[in-house]
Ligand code: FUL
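A single chain, nothing else alongside it, follows as structure tokens in the form predicted on its own.
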């Protein structure tokens, strides 16, 4: 087996495929911080301040659905330890708040709204609880955390994601809490086996920043030890360990999966990236940010580089103290949805002829017309370069091109180009690196009667499961 053949032996789990197919989904940061105007709480906040008098979870879900999002992850408990559900294991919860006279359950309201409108529901549960007196005492706190995790995973229907960050401070005893990640993961796998565990977890990794920045080449096949250092807080426990520092891979490293990086790696994992950022500068709502909602152009750029760069896009929208998305945020979400519908609806590949001299029997180029993995294009073994021609009877306007590999066969393509031909003149209009689950090639209404897609390098015989060529409508 060659080295490149070894690299493509790593493939995704079914739950990872389904997760990546969601592409674009929402984060909702909401807790006592919304009422104190802080980003992080310290755990001493009184539940009495939590009273979102106009809370409307359906307004949230309708807004994100209009944006083209397919999931919502709720901050069920942030670092302050306040629970948006009536947990049996602490009194620092919504049932100690004036909201609905102590009978409210925000988690249920949101999960019910998601179910009603066909949106996947996910939970964020901070491992750092600055209110709990058990924090810092090892097993008692880990048991407490598993109990709360169990409540969220058994009382609110199907969960598509459990999102952990690695925030880790000291307890009242002056000691850091050592998180029992294995017991957390075992609980999730037992209760919600189809849920992906994000960031501090084995399924989906952090892209390395919260600004929406992305890599030019995002690989899903990375060294297994990448998972170890994704446990951000846990890494701090090794800060004096020279061997650990030498082996450490940082989430923000520029290259996590090229041939060069993987050259001496014997243990690989499928570990795709998630790009997470907020629609405002902060993660929680602040009145002074009402005029600082990110521009449509900025958000579309993040979308193209994340969803269209072999990652997923998690966009945070923070509710106001009234419990509603602000009108400026709602307007921007609607604009995003309008943009996506206008730019990715009219696939003019249907009216084109497709040609490739490197077709393999059973894997012909016409298979790329359907967006699934049941049929796909692949070159013969040993053929790592190929050219696909797309020809129309007359010139067309092209706003975006979408390429997808069949990731059930791993990630193979390392570089490609796109050339447009019009009135007999050829011009290279794009060059890219990886494709992976999805590559969006954004164009400025290029006019062409023919497109030539050249795959110039692959680890082994390249695959394409889908090609989309879109006009702007």
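Computed from a predicted structure; not experimentally measured. Numbering follows the first chain given and starts at 1.
Although it is not shown, the form predicted in complex with ligand FUL is what the next lines describe.
The three residues 363, 404 and 466 each lack any heavy atom within 4.5 Å of ligand FUL in the predicted complex. For ligand FUL in the predicted complex, the listed stretch (113-121, 330-338, 301-309, 159-167) containing residues with heavy atoms inside 4.5 Å is 159-167. Ligand FUL in the predicted complex is not approached by residue 228, whose heavy atoms all lie more than 4.5 angstroms from it. Under a 4.5 angstroms non-hydrogen atom cutoff, ligand FUL in the predicted complex has residue 283 among its neighbouring residues. For residue 290, no non-hydrogen atom is located within 4.5 Å of ligand FUL in the predicted complex, even though that partner is not displayed.
Remark: residue 70 does not count among the residues lining ligand FUL in the predicted complex, judged by a heavy atom distance of 4.5 Å or less.
Taking a 4.5 Å heavy atom cutoff to ligand FUL in the predicted complex, the contact residue among 215, 79, 205, 378 is 79. Note on the partner interface in the predicted complex: the residue among 224, 210, 91, 143 having a heavy atom within 4.5 angstroms of ligand FUL is 210. Along 14-33, a non-hydrogen atom within 4.5 Å of ligand FUL in the predicted complex is carried by 27, 29, in order along the sequence.
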